[in-house]
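Next up: just one chain, as C-alpha cells, the form predicted alone.
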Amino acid sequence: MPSADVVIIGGGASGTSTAFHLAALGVPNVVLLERRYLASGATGKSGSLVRMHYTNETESRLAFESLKIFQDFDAVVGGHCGFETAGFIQIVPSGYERALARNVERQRQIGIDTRVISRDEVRRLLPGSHVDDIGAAAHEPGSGFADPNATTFAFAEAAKRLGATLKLSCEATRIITQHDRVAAVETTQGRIDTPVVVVAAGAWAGHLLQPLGLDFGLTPHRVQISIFRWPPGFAGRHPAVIDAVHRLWFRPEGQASTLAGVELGVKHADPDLLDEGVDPGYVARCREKLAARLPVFGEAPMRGGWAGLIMMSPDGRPIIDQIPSVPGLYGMLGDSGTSFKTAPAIGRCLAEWIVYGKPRTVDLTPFRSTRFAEGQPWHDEDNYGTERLTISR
C-alpha cells in the first residue's frame, strides 16, 4: 500500500508552497493531491496583490516574510512568479487617519518600507485620481502583484525537483484516523498511509473535515473580478490600490488594462456548481466604483472577468493550525481570499511546524482553530470599518 511522510491536500499556492518547503527541509516522501489541476481553485482566480498593509501585526509579518521570497523567487524557489514592483497604496475614509498611522508605525517597526502619504502624493502616484474623499493613505514602494498561476507552478516544480510527488486529477475523499490520530488518506486512486495530513483544499475542505467532527463555521463565498482596458487619455502603469472608501481594489493587468474587484462576495453552497463567469451587473458596479476613484474609467471597455470561490471563516481570518483534536492533522483553512500574498511564508511555517514541532518564521498562535470555541474570534482594533471584507481587508 502506498505511503507518505506527509500528504498535502490542495494544489494552490499554499499547498504547493508547503510541499516545496517540506521537501527543502529534507522530508523525503511528500505527496501533494489535487482534485483537478494546479491553481484550479481560489489561487488561479486570485487578484494576487502582494502588499504588507494589514490592520494587525501577524498578517503583516507573514506578508513581509513572503515578500522576501517573491523578490528573490528564482534564487529561493527557482522559476518565475511574475512579481512586479508596481507599488501599493492603501486608502482609508475620514475618521480612520489615526488607525492607519498606527498600522503604518507597526509595519515600520517590523521593517516594512511604508509611510503615510498626503492626498497630493496619492494624486502624483495615481494621476487623474479623485482624492477629496480620502481620509488618509499609505504607500509601499516595494510591493505590487504577482502571477498566481506562475507562482503555484514554480512551487510545484521546485517541490518535484526536491523529491516530492504531485498527483493531479486525484481527489482526496476521506481522511482516515486510527487511535484518534491521522493514519491515511483515501483518494480516487486508492489509499495512502501517512501520519501527517495538511488540508489546504480551499472551498472543498468541508467534506474532509465534517466526518472528523470538525466544524469551524467555514462558508464558501463566490467572488468576482473584472478587467477593464485603459480608456483614451489614460497612460502609464499605476500602483496596486486598496480603496476602503469605495470598498474596491485594483491593479495593472498586462500592458494596458486594470484588474479590479469590489467586495464582498455572496455565499455559495456547492463549490462543484460554481459559475466561473462574471455577472453583467457586477461589471457595471465595478466600473462605477473604479470611476469614482479614477474618473477616466467611467468609459473603460470591459475586457474580461471571472468568478472564483473563497472559504470564509467566521471572523474573516485564516485558520492555520495543527488541529488539537486530531493529532497529525494540519489545516490552512478559511483564508477569506487574502492568503496568496502570504502563501510563501505560510508554507514555510507549516513545514517548520511539521519538521521542528513549531513554526519558526512567524508565530501562528493568533490563527489557532480553537479561538472560536474559546470565545475569542479575531478582531483588529485599528480596522477601517470593513472588518468582514476579504481580499481588501
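None of the values given here were measured: they were computed from a predicted structure. One rule holds for the numbers: they count along the sequence shown, beginning at 1.
Same protein, other form: the form predicted in complex with a small molecule, not shown, and the subject of what follows.
- With respect to the small molecule in the predicted bound form, the three residues P93, V116 and Y384 uniformly fall beyond 4.5 angstroms at the level of their nearest heavy atom.
- When you look in the predicted bound form, the only residue of A156, I310, I89, A136 with a non-hydrogen atom within 4.5 Å of the small molecule is I310.
- Shown without its partner, this chain lists C349, L49, L67, L329 as candidates; in the predicted bound form, only L49 has a non-hydrogen atom within 4.5 angstroms of the small molecule.
- In summary, the region of this chain contacting the small molecule in the predicted bound form, judged by heavy atoms within 4.5 Å and restricted to 204-212, 72-80, 124-132, 93-101, corresponds to 204-212.
- Looking at C170, you'd find a heavy atom of it within 4.5 angstroms of the small molecule in the predicted bound form.
- Although the partner is absent here, L33 sits close enough that one of its heavy atoms falls within 4.5 Å of the small molecule in the predicted bound form.
- Of the heavy atoms in K341, some are within 4.5 Å of the small molecule in the predicted bound form.
- Proximity of F297 to the small molecule in the predicted bound form falls outside the 4.5 Å heavy atom cutoff.
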